[in-house]
Ligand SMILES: Nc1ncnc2c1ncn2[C@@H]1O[C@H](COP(=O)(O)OP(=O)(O)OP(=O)(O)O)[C@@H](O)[C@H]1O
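Single chain ahead, written as structure tokens, the form predicted alone.
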Amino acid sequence: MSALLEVSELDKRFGGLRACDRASFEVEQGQIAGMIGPNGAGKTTAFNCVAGFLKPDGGRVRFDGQDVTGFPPHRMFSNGLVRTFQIPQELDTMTVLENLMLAGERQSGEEVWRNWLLPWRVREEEQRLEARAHQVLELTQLGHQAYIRAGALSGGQRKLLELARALMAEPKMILLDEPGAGVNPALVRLLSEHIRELSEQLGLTFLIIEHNLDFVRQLCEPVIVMGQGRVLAVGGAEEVLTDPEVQAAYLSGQRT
């Protein structure tokens, strides 16, 4: 396997706060990597710099062999890297199916002139997009919820919808921000199963921020530990969690 994502000496400052302090890590093709650390460790800042929501002050991000440092989110999305959020970003008043269809990339119907001059092409594309959306919904066990409003979903189902919307973009890599937060244990297990299946069957690569260490132990390899903006350790879950520097970071008064 080769590194799909390479982050080198990543720096990001907010005034006097150095949220990322020369952080370096790699995620190889097909891996399910976890990123853990106390609150304020720099995990979300690193995510946002990788996904293009923040421009780093230093360092380099390479994705799929290309230097993408400072690329905006829409370019990262087009390149095959998709980020989800801890608080789902669904459109509440639209149906689950409509939420997925909006996530499809490069839709001809978005250009007004095509609707007038090439309506047959727009219709065919919408039919293919709807068929794919139904496939993704079945894959994430949301098929029976296709026609209800997204705002009526439970917290765990919204996390599944976030994952389904990411899949509609046919990504190479998905950055998941605390998929287990606020989700009951049964749905956490279901999410974990889906992520593993997607990695094994489709070759998808994941990088996951997660506070639930049991979730990380069962699913993630490698595990990247951050603290005070730095990468403290990288390795298997049990290996890094017994590292003295990692234990000191977790015992510093910040909760996991």
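Counting begins at 1, following the sequence as shown. Source: prediction; values computed, not measured.
There is another form of this protein, the form predicted in complex with the ligand, and it is not shown here; the text below is about that form.
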property: 55, 211, 189, 196 - the one with a heavy atom within 4.5 Å of the ligand in the predicted complex; result: 211
property: Candidate from 207, 223, 219, 41 lying within 4.5 Å of the ligand in the predicted complex - any heavy atom; result: 41
property: Every residue of 99, 147 and 170 near the ligand in the predicted complex, heavy atom within 4.5 Å; result: no
property: Close approach of residue 19 to the ligand in the predicted complex, 4.5 Å, heavy atom; result: yes
property: Partner proximity in the predicted complex: residue 178 to the ligand, non-hydrogen atom cutoff 4.5 Å; result: yes
property: Candidate stretches 24-32, 59-67, 41-49, 196-204 - the one whose heavy atoms come within 4.5 Å of the ligand in the predicted complex; result: 41-49
